[in-house]
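Take a look at this one chain, the form predicted alone, written out in structure tokens.
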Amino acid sequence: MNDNLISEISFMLFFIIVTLVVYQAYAQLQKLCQKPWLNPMLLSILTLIPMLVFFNIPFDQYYQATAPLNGLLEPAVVALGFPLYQHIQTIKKQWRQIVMLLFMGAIITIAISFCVTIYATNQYELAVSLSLKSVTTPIGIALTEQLQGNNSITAFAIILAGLFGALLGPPWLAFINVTSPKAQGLAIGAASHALGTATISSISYEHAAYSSLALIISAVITSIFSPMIINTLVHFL
């Protein structure tokens, strides 16, 4: 085993361990204090980013080193299907309305995000990356590569969308008098993917079921239609 391979493995193990330790420490802190704003994901980001900047480590290098952790996102999303199974009979009766609402929401979100960013910055890479912020990380990264966006910006935008949905989504929906568990679940799942779904799942199984459904359908719609939407909009902007 050559020195370069040993160095790469050591680097990977170091950042995997650091990431896990930092996250678990903040998770225990939130559990102890019972404060929603002590979100372990948010606090981990606020800890790890200065660390990377201080040691002059590019995000792409850190992302590759922690690839095994990113791979765990896929089975984690699958696990969210259990509450969906529990409410499948009710969902069957409403699937047309749900799919139509999520289709309209996904299409409008992608188009508006892309157009606003293009007009504000005139940067195609940035516009692509920000328009794909409301899907899970593996899908968002794959679409970004296909559409020649910036993986780092996409990953960061996805994390921000998830954090804002997890922290502010339920209080905001309650404030505007959206109190239905079904509506809240669909809104959070569509806008804030797995992180928002994991947070709202603590409220009830019904929230979890509809949020998981929105997450899955929105991801499928975005995967199929975002290349068509973005490539079409490029010709008009």
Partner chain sequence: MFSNIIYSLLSVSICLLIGKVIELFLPIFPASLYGMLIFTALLHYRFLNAKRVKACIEWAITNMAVCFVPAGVGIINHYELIKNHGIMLVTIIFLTTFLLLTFVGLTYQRQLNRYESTAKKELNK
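Each form is matched to the other, and the largest set of C-alpha atoms that superpose within 1.5 Å is called the rigid core. As the structure is a computational prediction, the values presented were derived from the model and not from experiment. Positions refer to the first chain, counted from 1.
Here the subject shifts to the form predicted in complex with the partner chain, a form of this protein not shown in this document.
Among heavy atoms of Q89, some come within 4.5 Å of the partner chain in the predicted bound form. Contact check for L130: a heavy atom falls within 4.5 Å of the partner chain in the predicted bound form. The partner chain is not shown here, and in the predicted bound form it never comes within 4.5 Å of any heavy atom of N56.
None of the heavy atoms of L13 is located within 4.5 Å of the partner chain in the predicted bound form. Contact annotation for 181-197: residues with any non-hydrogen atom within 4.5 angstroms of the partner chain in the predicted bound form are K182, A183, L186, A187, I188, A190, A191, S192, listed in sequence order. Once both forms are overlaid on the rigid core, the distance between the two CA positions of S180 between the shown form and the other one is under 2 angstroms. Superposition on the rigid core between the shown form and the other one places the CA atom of I49 2 Å or more away from its counterpart. I221 is not among the residues whose C-alpha shifts by 2 Å or more between the shown form and the other one once the rigid core is aligned; its shift stays under 2 Å.
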